[in-house]
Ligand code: ASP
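We begin with a single chain expressed as structure tokens, specifically the form predicted on its own.
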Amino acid sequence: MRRVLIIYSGGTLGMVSSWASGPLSAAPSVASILEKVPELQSIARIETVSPYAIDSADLSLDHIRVLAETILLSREKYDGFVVIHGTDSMAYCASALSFMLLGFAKPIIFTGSQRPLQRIRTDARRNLINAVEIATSDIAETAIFFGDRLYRGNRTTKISNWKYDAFDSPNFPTLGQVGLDIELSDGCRGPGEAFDPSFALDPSVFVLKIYPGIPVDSYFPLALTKGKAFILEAYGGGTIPLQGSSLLKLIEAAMGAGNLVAVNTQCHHGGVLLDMYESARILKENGTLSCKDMTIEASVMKMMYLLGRYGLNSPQTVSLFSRDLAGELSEERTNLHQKWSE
């Protein structure tokens, strides 16, 4: 029987209350959670640890580092890992670990729930049982299991705080689905890559969402401060306003100060196409980076990882950002506009 380490980091799944609809608080221990799901012991040899227990809205880079270190220190002892995590920042944390533990070669499965384990109609039991069983497989993915589907963690975004299907993977197929059986797809990554951990994350990353009437002038002091990376959430395939806006001057000022600028899209489906429209081409000509079809969660955490590992001025940071490292982007997105014009 395979060995699985369950890491409890907080979140709705383990929350408890003293009465049926009372205020929720974190479970007193991970053992108290597992007592309610005794069937887990028939799936794997379970051990548990709880390096911290927080509302996932409080997730910090220090928490992410502690989680990565906890998994790394247990790598040789266990065949798979399940991380019980709050849904609000789960996609950020899973994305970060996919880079920090590059080539880990064992399953790291994040899961949680929309309703606590102790509540009626909870989705917690099903999610946890399936996550543990998937963690006994031979896939080498940092993934999220939720609502009967397995997603690559760095391709995932939270789409609902009400539905049991709380997550989606807009630009990449699901890795598996659970019905009567667990069916894993051929798209799952397997062992083979060299293990290359790195835990330094640089928080100097700023996300700037483009919208009509954005007060561009307010951002100039930040843009002129060297040591920053900016991710623009642009329209469509990477377009920004040109007429009546000083946004392009802001971008040029940021890059002139030695900062990095990357372009993402506000669209969930599709990716950045910097060759397609005039304003997008201008961004490319000015040397901005493309997030291609990465989620905003993956873009932010990948930039923090690269800055932490290589630094702002390293050519590796620039070259690796738009290249696939851990299955987070589709290289062919670069030429997608050519397919549309055919």
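Numbering starts at 1 and runs along the sequence shown. Since we're looking at a predicted model, the values are computed, not measured.
If you look for the form predicted in complex with this ligand, you will not find it shown, but the lines that follow are about it.
None of 250-258, 235-243, 265-273, 84-92 except one has non-hydrogen atoms within 4.5 angstroms of this ligand in the predicted complex; the exception is 84-92. Residue contact with this ligand in the predicted complex: T70 places no heavy atom within 4.5 Å of it. Although the partner is absent from this view, S169 stays clear of this ligand in the predicted complex, with no non-hydrogen atom inside 4.5 angstroms. In the predicted complex, this ligand stays beyond 4.5 Å of every heavy atom belonging to T142. This ligand is not drawn, but in the predicted complex it has no heavy atom within 4.5 Å of A326. A single residue from the set T174, N130, T157, Q114 has any heavy atom within 4.5 angstroms of this ligand in the predicted complex; that residue is Q114.
Heavy atoms closer than or equal to 4.5 Å to this ligand in the predicted complex belong, across 53-75, to the residues I54, D55, S56, A57, ordered by sequence position.
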